[in-house]
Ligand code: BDR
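What follows is one chain in structure tokens, specifically the form predicted alone.
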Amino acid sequence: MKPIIFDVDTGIDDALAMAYALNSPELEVLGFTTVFGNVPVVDATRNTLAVLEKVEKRIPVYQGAAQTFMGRDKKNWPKHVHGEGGLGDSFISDPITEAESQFAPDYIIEQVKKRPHEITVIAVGPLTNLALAIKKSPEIIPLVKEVIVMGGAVNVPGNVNEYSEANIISDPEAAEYVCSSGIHLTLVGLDVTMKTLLPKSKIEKWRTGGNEKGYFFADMTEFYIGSYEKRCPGIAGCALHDPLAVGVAIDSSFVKTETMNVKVVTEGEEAGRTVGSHQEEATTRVCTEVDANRFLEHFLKRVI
């Protein structure tokens, strides 16, 4: 089993990715770390705990950064995409379980040092927690086996504006800090995630079992598909952004990659833009192609 620390800003596709990871025997999810992004960090923590209770799993959760790497507050939350609380219109009561007291970046540092060269970090929100961990303890850089990031748009337009993808633009300084650190990085960006499509017709099967978990995920995902429909009328589905990062952790053959040097623009009109170039010292694997049908089939077999 591959030991995983899963860094989330739990909105709808994070929740789908969580279920996919937790139902995959190839992965040993050691803990979840939370960060602001789709929602404020306190809501991301609540949502993460709530999803774990829905899927009946007990995994520790560590709350992380509430502000950007440079100490700024995020002002705009994508409520039109993930709903008021982050999981669509689904009512989320306060979870029974609570988050651990340890700060998420400190947890990352501790676990990486405890299991050097073993741990893969899957990061599907802003990269603030990882940047803070590296800044505090740069000695962990060669000790992390791999970081798989859902973020960026190297060869395609962004989804927030023509330049930037949502996770990267939420904290471009953190993304640049991580990308320039030399850590083993795989970027699962819009280049491939927008080629994955979960059809609305597939999620009806989640309700056939008549269990609460199936209805929860179906209702939540329908809300998410609704946000896609407003932007792309007739799409009748949604991209599986965060789940694809999990898929790559399970089976890297789902994608093809190119090794690049990736820089992140941190200011000006193009802030958040991920710029890839081919250089001899390049260290980042950028996903450029995806076997979308095979990945979707694999995801659907495991998510619910």
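Quantities reported herein were computed from a predicted structural model and do not represent experimental measurements. For every residue, the number given is its place in the sequence shown, counted from 1.
Below: the form predicted together with this ligand, not depicted.
This ligand in the predicted complex is approached by Asn38, whose closest heavy atom lies within 4.5 angstroms of it. Remark: Asp171 does not count among the residues lining this ligand in the predicted complex, judged by a heavy atom distance of 4.5 Å or less. Contact annotation: Gln102 falls outside 4.5 Å of this ligand in the predicted complex, judged by heavy atom distances. Taking the partner from the other structure, this ligand in the predicted complex has a heavy atom within 4.5 Å of a heavy atom of Val124. Checking 276 to 284, 21 to 29, 8 to 16, 289 to 297 against this ligand in the predicted complex, the stretch whose residues place heavy atoms within 4.5 Å of it is 8 to 16. Screening Gln111, Ser227, Asn155, Asn159 for any heavy atom within 4.5 Å of this ligand in the predicted complex leaves a single hit, Asn159. For the options Leu190, Ile140, Ile203, Val147, the one in contact with this ligand in the predicted complex, meaning a heavy atom within 4.5 Å, is Leu190. Contacts with this ligand in the predicted complex, taken as any heavy atom within 4.5 Å, map within 146 to 178 to Met150, Asn159, Glu165, Ala166, Asn167.
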